[in-house]
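Only one chain is included here, represented as structure tokens and corresponding to the form predicted on its own.
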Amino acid sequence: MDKVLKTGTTTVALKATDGVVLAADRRASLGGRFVANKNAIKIEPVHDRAAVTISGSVGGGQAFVRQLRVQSDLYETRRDREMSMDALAQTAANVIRGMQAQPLLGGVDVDGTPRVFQIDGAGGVIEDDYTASGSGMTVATGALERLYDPEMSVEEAVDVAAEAIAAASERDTASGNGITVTRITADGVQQDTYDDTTEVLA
């Protein structure tokens, strides 16, 4: 089943002045042709100040999240200090090798700096102000290019993320069924789900 159960998906990550916003649609599909689940959660916290999005294989994504949580806990236990976002991104790149998953990593660093990373299956790490992944990424990226402002707040970034997911859901058949929005600040990770992107933008 894991070979055909895909999140299809559109996920986005973007920096704001006071934190990071991750967003994803909620549709999981079988082979990209049948909607298998309308309530899929594609964003998972992996640290007190960080979370990842999941696209690609559901099983691969879940395994990636479990291992990254374990590795981050182990890192902090062994070193008796908080894990930096650079260390978390490199750990994510090491964990992802060989898995069928395309995560985005976002979080707030030890010094309070918002950070966003693309992690690829070969173990590559690319930092950016905003990014998208999944089958709807081209449409979502177009929306991000048009709407992103490096001076916006987390709440303003939520609106931009919702617009990007909504745009992708209009054109990508594997994306839809609402949105999950995750706000990450120095205070922690807050996650909300909505049945429709218009609920976020209202």
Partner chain sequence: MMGNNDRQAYDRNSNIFSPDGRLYQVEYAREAVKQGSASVGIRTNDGVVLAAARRVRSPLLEERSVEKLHKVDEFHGVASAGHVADARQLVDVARRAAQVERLRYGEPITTDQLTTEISEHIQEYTQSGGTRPYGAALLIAGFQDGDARLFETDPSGTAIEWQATAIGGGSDRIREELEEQYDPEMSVEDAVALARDVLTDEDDEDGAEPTIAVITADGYEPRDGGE
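Computed from a prediction, not measured in an experiment: that's the story for all the values here. Numbering follows the first chain given and starts at 1. Rigid core here is just the name for the largest C-alpha set that superposes within 1.5 Å across the two forms.
What comes next is about the form predicted in complex with the partner chain, which does not appear here.
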Might D129 be said to contact the partner chain in the predicted complex, defining contact as any heavy atom within 4.5 Å? no
Are any of the heavy atoms in D73 no more than 4.5 Å from a heavy atom of the partner chain in the predicted complex? no
Spell out, yes or no, whether the shortest heavy atom distance between N94 and the partner chain in the predicted complex is within 4.5 Å. yes
Should Q90 be counted as a contact of the partner chain in the predicted complex, where contact means heavy atoms within 4.5 Å? yes
Under the 4.5 Å heavy atom criterion, name the residues of 102-135 that approach the partner chain in the predicted complex, in sequence order. none
Following rigid core alignment, is the displacement of the R78 C-alpha between the shown form and the other one equal to or greater than 2 angstroms? yes
